[in-house]
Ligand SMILES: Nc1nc2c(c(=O)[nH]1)N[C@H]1C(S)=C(S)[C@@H](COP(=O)(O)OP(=O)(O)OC[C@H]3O[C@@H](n4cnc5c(=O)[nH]c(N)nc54)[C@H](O)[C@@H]3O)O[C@H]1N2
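Next up: a single chain in structure tokens, the form predicted alone.
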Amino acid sequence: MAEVLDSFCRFCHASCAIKVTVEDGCAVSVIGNKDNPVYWGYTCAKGRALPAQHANPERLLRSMKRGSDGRHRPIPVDQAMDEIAAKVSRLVADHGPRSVALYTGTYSLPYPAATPVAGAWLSALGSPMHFTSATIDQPGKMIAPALHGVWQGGACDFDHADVWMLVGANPTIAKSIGIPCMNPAKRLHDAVKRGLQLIVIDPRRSEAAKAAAVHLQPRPGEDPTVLAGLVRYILVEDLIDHDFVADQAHGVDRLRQAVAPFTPDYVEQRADVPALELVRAARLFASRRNGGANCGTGPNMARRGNLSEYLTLVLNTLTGHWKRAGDPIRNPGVLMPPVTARAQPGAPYPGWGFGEKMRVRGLANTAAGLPTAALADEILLPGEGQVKALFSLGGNPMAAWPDQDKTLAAMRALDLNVTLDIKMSATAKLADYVIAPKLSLEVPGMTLPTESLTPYAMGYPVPYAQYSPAIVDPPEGSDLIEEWEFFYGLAQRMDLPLTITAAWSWGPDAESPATTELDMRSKPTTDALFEALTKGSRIPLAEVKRHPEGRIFEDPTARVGLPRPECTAKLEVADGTMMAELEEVAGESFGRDRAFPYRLISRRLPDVHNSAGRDIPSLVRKYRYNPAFMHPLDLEMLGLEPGSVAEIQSEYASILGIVEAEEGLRMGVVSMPHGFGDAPDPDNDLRVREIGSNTGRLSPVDRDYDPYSGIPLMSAIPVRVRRHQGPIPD
């Protein structure tokens, strides 16, 4: 008999509230919960495909071990843990704890207990080598606030703003950055309808750009030029918030000098943005009290992503786009501790150069974490400290990391390569062990991870939370495990203690987060871990559980507090390193690159999430591959027709792409999603119509890289495009 149960989607970080029809113990359909006060019935194609994901014939139902012949065969998960624990113990004994590294990718986020337990295991092992996707996605999101300082009153709220600027962000598709990710298309529609003035800076006329009052389409990679031009105009025309800047900011005179070259005419000449449109955007942004600006993945993956993020913060500070004392705190927290907000700056702090040092390129830890772009070299470079074992959790390095050829060499060089994955992904095919995990509807869940993204313009705009128990059982006859159980099992076998840390809110009055030592003799439940992770939360987890459909837990008394009398911190608008980078930009020559005249930029498709979803037929009905979108006139000049195969070549490598026409894309641009393809191989490459191509192959990690986070050029990549001459299977 069928029953309809409340849950929420965990295909991505948006955590949409859903109604799941369960029949004979299996999920058979998913729809959005139309009565939900935050999502209003929204769910995307990915969420509606959860039943297909759970029942996918390609799904791993047992863990796999690679034999000496290179073939993978099923292995009981307990035996796999026995063998892996023994191998790790030997590696640590022979090479030290630094020889073991952990990579946690985007897909670890929806499973709240996974990364805390995995990180606790690595810490107990004594290894500092925990890498994440943050430093190959948007490292500037964390590095720029370190240099600028953090306004502890918080950012203005999109849902109540008068003006907003999106730089290389398209929240309606990406479900992130700027517009709250809960039904972002409706939120944008409603905001524009009530009078929001939207400014979009993007080389393509994205879904968000179509709603913009001003859309600037610069040459890819020129975001620092455009942003510096906006800063200069606002300063020269005296459009700043004088009281706020005088009281809360430092370095305005130095900033004036650094942006002086970026006149509207210079920006037009260099970035191909009409001077009058730049002026219009600057005036509009500075004319409203409630507003904000956010950078997306594109500027962060291009050159000087930290600078783009930093200048965006500077724009917010110059125009006073921050909350003030007495303003309401619309999301005071639910499963996190209560937000402590005061109308005062938090002083700048180190953005990089501390903690663990890499053995390559002078890199070290950063505010965004260890530089993932250095990890392949850490595996390949012999000597003391060489990484011998890699554990991949919620990530697919072969699809996600830059420099795919080097990544392949690193995967093959490891003494122990372990990945947790629901299918034989590009990384899993190279792994020694593939641990098969349970899927979202088979495990409890809570929206703490989505709530924790609020400081990065991605989380909840209101104090909303939801908990879901497991609503279906794993498939009959399967041998599956939750990700956290795997790392807990290793710790048990290695006699390691585990301590996990509760979520915490940063602020002037924030207390140290609570910690919990796990019982290593009696395995805890997932719910017990959730309780530990939400210690000190404003609303107890037990209360959230009483509302299985999700609920807003209002606190109308939450307001931004007055600054502390002793606070002397200032927001830094002229950080020395950032100003030096800006001077470098101003001193660069620019013009058409005749050898590599096109620029390849990153983008997302609506129905897949990075490399996830490409094995679900309903999600790839339109494109099984990642199209290389180009302007129709570019295709015509190149003699290419939509659907034909082109060779896309950077200075370092080349890939194949199926070209498609896009009218809203500026000429000279190739717009292509990342995370597709398979490991470099002539046969895989020719399967471009079936699996697409990996844009990461075009980006070497040791050239044109950020000297702090290590991220190489992963967007705005100079390329040339020509028709592919060889045969391609249909």
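Numbers for residues come from their place in the sequence shown, where the first is 1. Please read all numbers here as calculations on a predicted model, not as lab measurements.
Absent from the display: the form predicted in complex with the named molecule. The rest refers to it.
Looking at 175-183, 472-480, 548-556, 640-648, the stretch with residues near the named molecule in the model of the complex, meaning non-hydrogen atoms within 4.5 angstroms, turns out to be 175-183.
Using a 4.5 angstroms limit between non-hydrogen atoms, Y103 touches the named molecule in the model of the complex.
Remark: G229 does not count among the residues lining the named molecule in the model of the complex, judged by a heavy atom distance of 4.5 Å or less.
Taking the partner from the other structure, the named molecule in the model of the complex has a heavy atom within 4.5 Å of a heavy atom of H609.
Looking at G657, you'd find every heavy atom of it more than 4.5 angstroms from the named molecule in the model of the complex. Think of it this way: in the model of the complex, the named molecule has a heavy atom of just one of V418, C156, L439, V259 within 4.5 Å, and the residue is L439. Proximity to the named molecule in the model of the complex, defined as a heavy atom within 4.5 Å, singles out one entry of M411, L533, A302, A374, which is A302. Annotation for 18-48: the only interface residue with the named molecule in the model of the complex is K46 [heavy atom within 4.5 Å].
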